[in-house]
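We begin with a single chain expressed as structure tokens, specifically the form predicted on its own.
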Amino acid sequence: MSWWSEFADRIEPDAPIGLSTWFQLGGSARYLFHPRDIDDLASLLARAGQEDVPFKVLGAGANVLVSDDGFDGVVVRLDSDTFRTTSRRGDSWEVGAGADLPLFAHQCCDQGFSGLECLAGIPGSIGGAVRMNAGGRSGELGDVVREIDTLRSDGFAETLTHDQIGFGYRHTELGDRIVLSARLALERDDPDRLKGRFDELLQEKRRAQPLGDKSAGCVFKNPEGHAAGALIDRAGLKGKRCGRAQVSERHANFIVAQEGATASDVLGLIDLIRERVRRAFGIELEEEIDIWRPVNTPKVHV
């Protein structure tokens, strides 16, 4: 009997998770798990820990690149209704980690609650957005998060306050904790003004970014005092290709996957960009996207 037999109706062996990312690239997971609720998830983590099986959580896949080798472990998707519910008490909202960020942000604007309009055009799930502190020049999700419920890898539930989360620039101190839900403090405002601001920011992104292409958003974080896209452009890499992956002609901090691209093409281009920018400016670019890269994968030096 396999270690996961008690979860058999919620587990998909050899699941093509790469196709669930916005890149639509990469290999399969050994197991894909759809927990019914928090207790179900905690039980699975306990069993996986006993068997030394690693795990990852896949939200909307908007900022994830899965290697062509896939992931040799359990991938969790919080896609049951339990993890997608939203509720409001006064100006405080509780939203499940599996809820769709753009949809929720738009709904809040429609109902006259301010704080999320700055996230217009940013895809993802609430849980993933909390983990990376999603945002842009106009604000970040961490600005309105008051506390979150999490599950540790040992199955222990833990509530963290805003300060304990450790929000930074596209960063938190969550470690291997799984975000289950978040409580947000939003402010009441005029719905028409909020919807206008939301639409304005969305149109700005559509003009400046290749939102219609297969990509994972900004590939690199902005180094202090610099814009990563500008550095990549100045290094002469806009339009640069590696296989069927290309640095976007519209925004140099985006890599777009063309027909026939592989995850290895994208990884090769990422390594090439980092090397060229390092040589040209002495600046080390740090990846913003979450790369599920096998251990000891050699990098390309060009």
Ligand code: EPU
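None of these values were measured; they are calculated from a predicted model. Residues carry their position along the shown sequence, with the first being 1.
From this point on, the text means the form predicted in complex with the ligand, which you will not see here.
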The ligand: the contacting residue among F71, W93, F220, F113 in the predicted complex [heavy atom, 4.5 Å] = F220
Answer option from A185, L202, A227, A157, heavy atom within 4.5 Å of the ligand in the predicted complex = A227
4.5 Å heavy atom contact, K238 and the ligand in the predicted complex | yes
Quick one: does D290 come within 4.5 Å of the ligand in the predicted complex, counting heavy atoms only?
-> no
Could you tell me if R207 has a non-hydrogen atom within 4.5 Å of the ligand in the predicted complex?
-> no
Distance check, H34 to the ligand in the predicted complex, heavy atom within 4.5 Å | no
Among 267 to 275, 22 to 30, 43 to 51, 247 to 255, mark the stretch whose residues have heavy atoms within 4.5 Å of the ligand in the predicted complex.
-> 247 to 255
Contact check, 158 to 178 vs the ligand in the predicted complex, heavy atom within 4.5 Å, ordered by sequence, gives Y169, R170
